[in-house]
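In the C-alpha cells that follow, the same protein chain appears in two forms, which are kept apart as structure 1 and structure 2.
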Structure 1
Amino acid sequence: MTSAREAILGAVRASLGRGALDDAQRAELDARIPAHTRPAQDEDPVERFKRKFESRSGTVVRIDSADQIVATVEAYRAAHDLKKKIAVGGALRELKWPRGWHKHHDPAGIDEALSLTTCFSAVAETGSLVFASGPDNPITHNFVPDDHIVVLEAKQIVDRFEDAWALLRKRDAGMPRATNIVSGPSRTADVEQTIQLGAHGPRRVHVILIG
C-alpha cells in the first residue's frame, strides 16, 4: 500500500509533469541563496529600534551599565505598584536583589505577574525583540506575566531580520526550539476594532537598554 507521504509527493510530481529531482538538481536548489530586496534603512539602528518599539506601546529606558538593572526594575515595580515577586531568566542569575524581593528561575506560573529576561537580539527594522528559548530563557517568561521586562544591550540591535537570522545560524545549538519575535505588548482588536492591550500575553513590555 502506498503511504500517504508517497501518494502526496507522487501527486505533486505528476502535477508538475516530472519525476523526482536528481541529486544534481537537488544540490542546485540547496545552493540557492535568496536575494530579496531588503527595505532601505538609513536611521541609526538603536534610535530606530526605540522609535518603532515605542510606536507600538512598548517602553524603553536607557541605562549605562548592567549594575543599574536591579534599581531600574525596582523603579518600574514602584511606578506600577507591583509586588516584589519576579521570575528571572537563568542568564541573569547573578543579579543581587534587595531584601523583600522574592525571585525565582522557574517557568512562569499561572499567577506570575512580573518577569525579567534577556533576549537574543533585536531588529531595528520593525523595533522587534528576538528571543531564543533555552534552559536560561524559558518561553513562559515571555508570554505569561502581565509585565515583561527585557534586558537588551545596544550592540545586540541589528538592522534587519536577515541579520538576526545570520546570528541564529551561527549559534552552536542552531535554531532554537522557540524563536519569539516580540514587537510590543499583546494586543487585540477583536471587540469592535478597538485596540486593547494585554489580550493574552503581557500588558506591558519594558526594555532596559544598556549602552
Structure 2
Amino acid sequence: MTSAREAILGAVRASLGRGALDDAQRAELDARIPAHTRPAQDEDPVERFKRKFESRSGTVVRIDSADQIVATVEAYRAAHDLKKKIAVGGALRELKWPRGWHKHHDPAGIDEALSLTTCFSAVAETGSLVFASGPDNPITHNFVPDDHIVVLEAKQIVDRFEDAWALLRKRDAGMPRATNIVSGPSRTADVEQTIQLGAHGPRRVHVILIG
C-alpha cells in the first residue's frame, strides 16, 4: 500500500473513530467479498488462446525455443515485404540480428512499421494479450506500427482474466502505470459498417508462441 493511500485511509478511519484493522477483522471483511463467477472451461488453455485469437484475425506461429525468434521474425518480414527496421522491446535486447537489420529499443516513432515485444501474460478465455507498460515496454510498440509481433511463452497463458489481474498484483514492480489488453488487430466498423483493420493500431498482430 502506498504511503499516500495509507494516509488517506488513516484519515478516514480517524474520522470514524476507528484504528487500524487487526488480522481477524481484516479476514472477516475479506470473507464478505463475493467470489467472481467464472464460466466453466475445460479446453486446453493454449489451444483455446490460439483459437480465440485467430478468430479475430490475429495470427499465431508456434516454435520450440527462443533461439528461433529472429528467424521467425525474418520469415514474417519477408512474407509481408517489410523493411528490415524494427522497434524491439527491452526484454528482447539480447537477440542477435543478422547483418542488414536496423533495430532500436526506443519508443516507436510515427514512421515505425514493425515492432517486436514480449507481453506480460495472455488469457485463454478470450484469446487476449496483456501488456504491462514500463521503460522496457513502451506503449507505442503496441499501437504505432502496422505490424506488431509478440513473443509469448505457453506457460504465460492463464485461463481467465481474473488470473491475469492476480498475477499483475503480485508483480515485484507493482501494478504498471498502464495495462493494455489486445485481442487482435485494431478494427472499426464506423464507416458504413464495413470492418476496417488498422484503424487505431496495428493492422496485423502476430504471436510467436514458444513451447
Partner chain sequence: MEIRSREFKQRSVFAIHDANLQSALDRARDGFIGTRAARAAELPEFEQLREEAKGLKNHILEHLDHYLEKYEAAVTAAGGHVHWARDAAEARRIVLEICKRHDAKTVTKGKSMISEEIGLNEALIANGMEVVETDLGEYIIQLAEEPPSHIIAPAVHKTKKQITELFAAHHDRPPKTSVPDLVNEAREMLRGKFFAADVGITGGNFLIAETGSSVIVTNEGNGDLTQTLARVHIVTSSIEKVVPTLDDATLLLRLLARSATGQETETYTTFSTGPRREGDIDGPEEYHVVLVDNGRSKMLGGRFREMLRCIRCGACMNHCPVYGSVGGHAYGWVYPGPMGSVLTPLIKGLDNSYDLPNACTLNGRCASVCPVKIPLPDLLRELRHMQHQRELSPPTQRHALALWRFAATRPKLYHFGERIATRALALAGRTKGRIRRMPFAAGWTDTRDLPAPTGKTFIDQWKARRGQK
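Predicted model, so just to flag it, every value in this text is computed and none were measured. Between two forms, the rigid core is defined as the largest C-alpha subset superposing within 1.5 Å. Counting starts at 1 with the first residue of structure 1 and goes up one by one along its sequence.
Between the two isolated copies of the chain, the form predicted alone corresponds to structure 2.
Taking the rigid core as fixed, one finds a CA shift for residue 23 of 2 Å or more between structures 1 and 2. The rigid-core alignment places the CA of residue 13 2 Å or more apart between structures 1 and 2. With the core held fixed, the Cα of residue 169 is displaced between structures 1 and 2 by less than 2 Å. Superposed on the core, the two forms differ at residue 32, whose C-alpha moves 4.6 Å between structures 1 and 2.
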